[in-house]
Structure formats: structure tokens, C-alpha cells
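Given as C-alpha cells, the chain that follows is alone and in the form predicted alone.
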Amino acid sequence: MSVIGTNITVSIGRKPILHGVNFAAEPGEVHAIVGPNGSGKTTLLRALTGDISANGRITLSDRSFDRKRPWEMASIRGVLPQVTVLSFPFTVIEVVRMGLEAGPHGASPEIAHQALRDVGLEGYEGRFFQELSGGEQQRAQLARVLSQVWEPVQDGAPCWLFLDEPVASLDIGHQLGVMELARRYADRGGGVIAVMHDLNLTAMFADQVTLLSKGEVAATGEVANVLTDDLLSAAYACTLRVNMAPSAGKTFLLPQTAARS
């Protein structure tokens, strides 16, 4: 029931982006993909969701992508891209219902309203999507994705959230809210794969981390084994110091300790 990518290679035009990447994520976990700009994080996520073609083999819940119909994919995985542009004046509730209708819960319209409450947008149903701030738009799109795969486990099989920088345009309070949603989804048996830039939020919420560097996997595993001084300093090309909060025993990084190599 895992998401597994074996020897994933992706080129855009003549430019190679990913070089033989191996990846595995398990349901019940939050798996973060981290790395510097241009390391291939979004490309890997898009390959795993089938949004772009890739060489290698990718399976979702034990089945290869090329054996799944689009409606089957939509019923078991929801995808939140970095940016979503709408050309027509849809209301917020109409946007969320697009996800609801794409998934298996279209006969339960109350889910769309609950999803908006979960992302802190209760009362925004009648507003036009284009009138929202960037952070509000991102949360509305997250509500759409949640509606699509509302139940983390369907017919005994896990559903998946694929999130590309889900907290990038949010204030710290909403960042924590979104990550708590992802954590609860995984705790209820679903799987979450998220591209992350914030290493502290990664340390707080992720179970597993894959660190990319120059289109290759620099390390993968539990947080404490991947977010280390040596691995992060090499990947980000600057000196980084990983610390441990005495009371909570949680890994964290302070930007004051960073220095360009």
C-alpha cells in the first residue's frame, strides 16, 4: 500500500532534472521531501503523482500508474500544487466542490463546508476565489484536495495527500494548522508526501525525510538521521548547525548559525 518510485529519471527538454531517484513512502506517515532550490523536489512530486512522464517505475498502493484510470487515481490521491490559477470567477465553495466531485464522496455536499472549516475559511463560501489573498487561496485549494480524498482509508486501502510547499504563503499560525491537518490525516491511516522548505516544520511534523541535492537522493530516513550538520551543510552549500530543544527533544535549526561556505 506504499508509494514507491524506482530509478526515477526525468528530463525537461534536454535538461536532466532527476537522476535515478529511488523513493518510498508508507501510509500512516508524513514524508517530507526537502532540498535546495533546483534540487528536483517538485519534479519528483509531479512524477510520483503522474503529472509528468518519468522513466523508471512508480507504483501507488501496489499498482503501476499506467494500470490506473484517471478516475481511479482521483479517488485515492489528491494533489496540491504550488500555485493554482483560475481564469473564471468561481466562488470558494465551487472550487472546493470541484475536488469533492472528483473523488468518491460527491454525494456528501456537507464535506465541502467541513473542509473549509478545517482550513479556517468558514464563512468564505460565497466569496470569489480571485478576491482572496495568496494564503487564503492556498487554503481554499487545500480544502478542495481534502474534499477529494476525505477519508484517509477507503475500502481498507490508504488514500494519499501530495502537497507541494503547502505552507509557503502562510503565516506561522496557519502553517501550524496546515501541518496539523497533514499529521492527523496520516495518524488516521492515510499517507502524506509534502515538499517542504521549512526545515523546522519538517522536523516537527515529518516521520520520514528525503533530502535531494542536484537531482539525486542525498539521504532518506528518519528526521534525526537526515537533518544532520554534515548532510544539510553539503546539500545547501552553507554551514548549518542542527540543535536539540532540551525540553521537547525535537530537532531544530537557527538561521543565526548559518554561514555561506
Partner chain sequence: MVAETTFAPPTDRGAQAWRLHVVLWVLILFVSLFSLSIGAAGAQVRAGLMAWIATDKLDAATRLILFDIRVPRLVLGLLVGAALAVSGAMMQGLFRNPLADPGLVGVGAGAGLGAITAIVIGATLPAFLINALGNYMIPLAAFFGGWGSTLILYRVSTRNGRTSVATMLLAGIALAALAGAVSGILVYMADDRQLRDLTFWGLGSLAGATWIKVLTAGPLIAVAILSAPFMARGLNGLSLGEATAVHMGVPLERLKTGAILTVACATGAAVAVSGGIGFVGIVVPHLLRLATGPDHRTLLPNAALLGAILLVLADCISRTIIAPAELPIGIVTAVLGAPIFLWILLRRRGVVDL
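Here the structure is a predicted model, which means the values were calculated and not measured. Residue numbers count along the first chain shown, from 1.
Below, we refer to the form predicted in complex with the partner chain, which is not included among the displayed structures.
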* To do: Using heavy atoms only and a 4.5 Å cut-off, determine which of V167, A186, A115, V79 is in contact with the partner chain in the model of the complex.
  => V79
* Asked: With the partner removed from view, which of 153-161, 171-179, 186-194, 80-88 is the stretch that lies within 4.5 Å of the partner chain in the model of the complex, judged by heavy atom distances?
  -> 80-88
* To do: Report yes if any heavy atom of I93 sits within 4.5 Å of a heavy atom of the partner chain in the model of the complex; otherwise report no.
  => yes
* **Distance check, Q148 to the partner chain in the model of the complex, heavy atom within 4.5 Å** => yes
* Quick one: does E125 come within 4.5 Å of the partner chain in the model of the complex, counting heavy atoms only? -> yes
* Taking heavy atoms only, is E136 within 4.5 angstroms of the partner chain in the model of the complex? -> no
* Let me know which residues along 96-128 have a heavy atom within 4.5 Å of the partner chain in the model of the complex, or say none if there are none. => R97, M98, G99, E101, A102, E125, G126, F128
